[in-house]
Structures are given as C-alpha cells and as structure tokens.
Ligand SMILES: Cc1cc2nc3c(=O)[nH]c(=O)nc-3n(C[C@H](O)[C@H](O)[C@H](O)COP(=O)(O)OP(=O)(O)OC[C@H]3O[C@@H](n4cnc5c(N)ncnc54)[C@H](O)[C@@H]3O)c2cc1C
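As a starting point, one isolated chain is supplied in structure tokens, in the form predicted on its own.
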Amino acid sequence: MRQSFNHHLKADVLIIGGGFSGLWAAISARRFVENVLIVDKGPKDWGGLGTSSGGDFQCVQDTTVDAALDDLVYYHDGLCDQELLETILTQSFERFQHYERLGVTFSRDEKGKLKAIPQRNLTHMKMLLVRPYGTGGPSMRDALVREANRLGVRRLGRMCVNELLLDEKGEAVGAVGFHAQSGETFAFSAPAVVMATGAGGWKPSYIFMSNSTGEGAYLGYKAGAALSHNEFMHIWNVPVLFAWEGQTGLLPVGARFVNAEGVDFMKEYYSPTLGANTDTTYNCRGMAFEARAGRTPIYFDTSPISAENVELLKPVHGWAKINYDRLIADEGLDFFKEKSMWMPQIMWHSGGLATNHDYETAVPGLFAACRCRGLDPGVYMGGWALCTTAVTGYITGGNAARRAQEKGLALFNRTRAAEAMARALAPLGREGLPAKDLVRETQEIVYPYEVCLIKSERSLKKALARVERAKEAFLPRLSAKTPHDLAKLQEGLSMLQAAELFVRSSLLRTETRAGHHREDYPQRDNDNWLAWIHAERGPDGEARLYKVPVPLERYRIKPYRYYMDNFTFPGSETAR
C-alpha cells in the first residue's frame, strides 16, 4: 500500500468543481478565510458547463419574489422546496448586479431597461440576455476567473478526486485524488468541503455536457450523504447534425416543432394552450409519441420569428456563430429561414445531494451547490441554471467558510487517506475491461425512450435487470492503463450509480409529475407522491430508498395549479 502522497495540500475550504458554482463559492468563501482551493477534473479555469452556455440569466427585478415563487411551485407541479427557492429568488438580483460589477454586459433597450424574455409561458420567470449574443458563457467565466485571481484563490486542473475523507466522528475533513495526466497523487485536508461538480449524466454528444457525469453525487453518496431527485433527468431537443444554444429564447418568440407532415404537433395534439413554448422534456415526450405514430422526422421551424427578434437572437460571436456561418456556407441552410432536423437527447441527471437550507449534507462539513444539489423535478427554463449557480454557489461558499472558521484545522488521518488512495489506484495497470465499455452499457440502459421518456413498470424492470447484470459483469473487472483511463473509470462508476438510482426511483414513483411520466400511472397522485424520494447507501452497499413528504404545513403557497395539466399525452386523458 502507498504510505505517502506526492502532495498534501491544506486549505480552509476545499471546493471540488471549478465551474461557475465552484468559482462563486470560492469568491464568497474568501470573505471569511484566506486559504481557498478549487480542484477540477478539467483544464484549469475552463469554467465547466457554464462556458458553453449562452449566458442568459434569471433574476427577480421587475416582479415580486412571491409571484416568481408561485410560478415555480406551478412549474414544478408542487414538488418544490419553497423555502430553498425563495432564498434563491430573493438573492438573484444581487448576484446579477455582482455580475455587472465584474464586467458582464446585459442587453438593454434604448431607455436602459433590461430586455427580458418570459420562459415556458410563465408570467414572472424571465431570462436576461448577455451582450454580444453568443459570448455569454465565456464572458461570465472570464469575469469569475479574474475575480478569483484578484482574491488569490488557488486552483488546480486535471485533478480527479476519488474519495472523500471523514474523521472519527464522520465529519468531512478532505479528499484524495490524482492528476489525470501525470498520475501524481494528492491528499487534501480541509475542515469544510464543497461539492460543486455539476449534475450527473451519461455523456451525450452536446458540447461540454459529455463531461457532466455526476462524480460529486457519487462521492457524497459513498461518504454517507443522501441523494434526491433521482427519478428525474433533463432531456433536450437538439439538432441532429450540429449544435445550437438558445432554443429557450427562440420558442417564446415564435419558433416551433413540426412533424414529417408539417404539423405543429405540440399545439395540435398535446398542448393546444402552450404549444412548443414549454419545457424541453415535454417537447421530447411529444417527439417520442410522434415516433410511435410514425410521424417522424421532427423539424425545428424558425420561420415564424419576426425579423426584429432574429436580430436580437442571432449569434454574433462564439461557437454558435461558427456553426451558423458553416451551415450557410457548407449546407446552404439559413437557421432562421428554414427548418432543420432535431431529435431528443438526454442531457443531465437531476439527482443530487440532499442538503439543509444552508446547503450542508447529512455529512457534517460536506456542502453541495447548484446541480450537485438536487433542485428540480426534471424541468428547466432558460437562464435558471446560471442564476442558481451564482446564488447557491455564493451561499454555500460563505457557509463552508464560516464552518472552517469555527472548526479550525481538519483532523486529517494519513493512514486512512493512504488506504483510500490505494483503493482508487487498484484498477491501474491490471488486465480487464476498459471504462468505455461500462459507459456504453449505462447509455444503452437509460437511452431508450421507454426508459427515459415514457416509463412503465415493464420497461423499468427490464432496465433494472440490466443494471444488476452490469454491476456483476463490469465492477470486478474494470481496469485502466493510464491515469487518464482511471479518471474515465471514475466517470463510468458514477454513471452506473446514476442509472441505477434513476431506474429504482422511477419504479418507486407510481404517478406522473413534471419530468417523470409513467405510462401505466398517468395521473398525478398528491396523496401518496407529493414527496421527494431520497436514496442512501446501506451498510451492504445497496441503495435504500424512502419518501420525504413536502412540508406543506409550513409552506406559504399551497399548490393550486399544475403545469402538467396543460398537456394531454396518449393515455393521460383520465388524469384530467
């Protein structure tokens, strides 16, 4: 067993994940402590998934927090932590102003009023646009990195964290990992650890989303924290032949999806009230039913958009502008004048660490920010992710730093750390199966539409049986030739865990709500399922699932309207 590390780094606050939420956490933590360290599996300062975003931002600036919260309770079909989201909404404009102070520019009209696009046919949830359009993600990343530099935040890239370290009382005191290129081993000690790794996922083709594989949830779950929202995933409509960011801005101003017969199928068959101006998962569900009916391929039609809105939403910089120009030059296709073929694609898993309202998990000293913390039931709107990364990252970093002030130095057990490192390095150099085989297997488990979009007991039990076979066939035989392969193996293990918890939780929730659709249980069941499902790792390593009721007795808003009631999918008529 390796008895020492190449490096032992100490910090007041250790942040795992260097995306937008991690950077916001670091900026906030520096208000209270000196030594803040970010480690990330990607290149230093790449900015995570936020860098590939359009840079749209939601905040409460021309409405009230109560009105916006009412929209969210409605949009989440009542499955909404109202106290948590109220805090996010209350602090959203402060973080927006913070972005502006850091040099990020947002679109305003000739009178200086912020331009806002309502989302998902909601009255009070609106996204603001970064200028120039197409530069949003990179400009936000650059602003946050500049601020981290100014504050002296230490940052390490290419760092794969394998295991969290706990002291004798079960409190988080650090982590172990290795450099994914050099193979150098690292031990980190800190009295407060923030998981800011983003959401889980199954490596889709869409931009940086292939890097979002949920290691934060995986590490926290192994350490004893509970996970929530595992039965939900986010599925987007994406172009078949190219990438595009911004449909959430295009749908409200007239874009639509049409089937092979030219029919606006969402408006014609599934939601006459909302049409396609809704959450992507609902649109993808409609696509799946269109495929069943033999009315594919599906096209995205931007021709109804006015010339004024085309100019507002046409990319002028960044990768979207590159794709736009190439479509015209190479394919003769003008995105804003013609139809293009689109398809559903799984993007990320909603499952994340369960926390209290200070974003601390059941493991003392372990915190979770943004998508690493389960927040929503599989529905999304433009600009909301960048709002929640900023607000939850800022809150979490401050809370972690205050704990570090209180606890002082971490009680770091070097022997326990060496044992954890030995477990992590065990697959390195041995003969066996590569991680890519496990990755492909998990994709084939969750990707079929009858598992991810139109669920049933039959399809889910079939998927669960395949999960169990994968655990038996792959886990004892996984191997890695290089440190890079070992990092990919860690991603594969996280993906398999996410697949298992997604299928098990989907089987348990015998109703339809928000992003979860059970064909055999098409009705909403508030009596039994106005509750979150939490998963904990039992002593035998198996998942233990249980319900946590939504505490309506202390919430101000009692659910009285439900977004899902705007839709009538085949078999759901009895739910009306």
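Being a predicted model, the structure only gives us computed values, none of them experimental. Throughout, we count residues from 1 along the sequence that is shown.
One more form of this protein should be noted, the form predicted in complex with this ligand, which is absent from this view; the next part is about it.
Chemist: Which pick from A172, L227, A368, L386 sits with a heavy atom within 4.5 Å of this ligand in the predicted complex?
Modeler: Result of the distance check: L386.
Chemist: Check each of W46, F32, Y521, W532 and return the one that places a heavy atom within 4.5 angstroms of this ligand in the predicted complex.
Modeler: After the contact test, the surviving option is W46.
Chemist: Does this ligand come within 4.5 Å of any heavy atom of G515 in the predicted complex?
Modeler: Residue-level check for G515: no, no contact with this ligand.
Chemist: Look up in the predicted complex whether A435 has a non-hydrogen atom within 4.5 angstroms of this ligand, and give yes or no.
Modeler: Because no heavy atom of A435 falls inside 4.5 Å of this ligand in the predicted complex, the answer is no.
Chemist: When the contact criterion is heavy atoms within 4.5 Å, does T280 count as touching this ligand in the predicted complex?
Modeler: So T280 does not count as contacting this ligand.
Chemist: Indicate whether N309 is a 4.5 Å heavy atom neighbour of this ligand in the predicted complex.
Modeler: Taking the distances in the predicted complex, the answer for N309 is no, it never comes within 4.5 Å of this ligand.
Chemist: Could you tell me which stretch in 194-202, 331-339, 441-449, 496-504 has residues with non-hydrogen atoms within 4.5 Å of this ligand in the predicted complex?
Modeler: It is 194-202 that comes within 4.5 Å of the partner.
Chemist: Using heavy atoms and a 4.5 Å cut-off, decide whether E231, G351 and D376 all contact this ligand in the predicted complex.
Modeler: Per the other structure, none of E231, G351 and D376 touch this ligand.
Chemist: Determine the residues of 434-452 with a heavy atom within 4.5 Å of this ligand in the predicted complex and present them in sequence order; the list may be empty.
Modeler: Going through 434-452 in order - heavy atoms within 4.5 Å of this ligand in the predicted complex - there are no hits.
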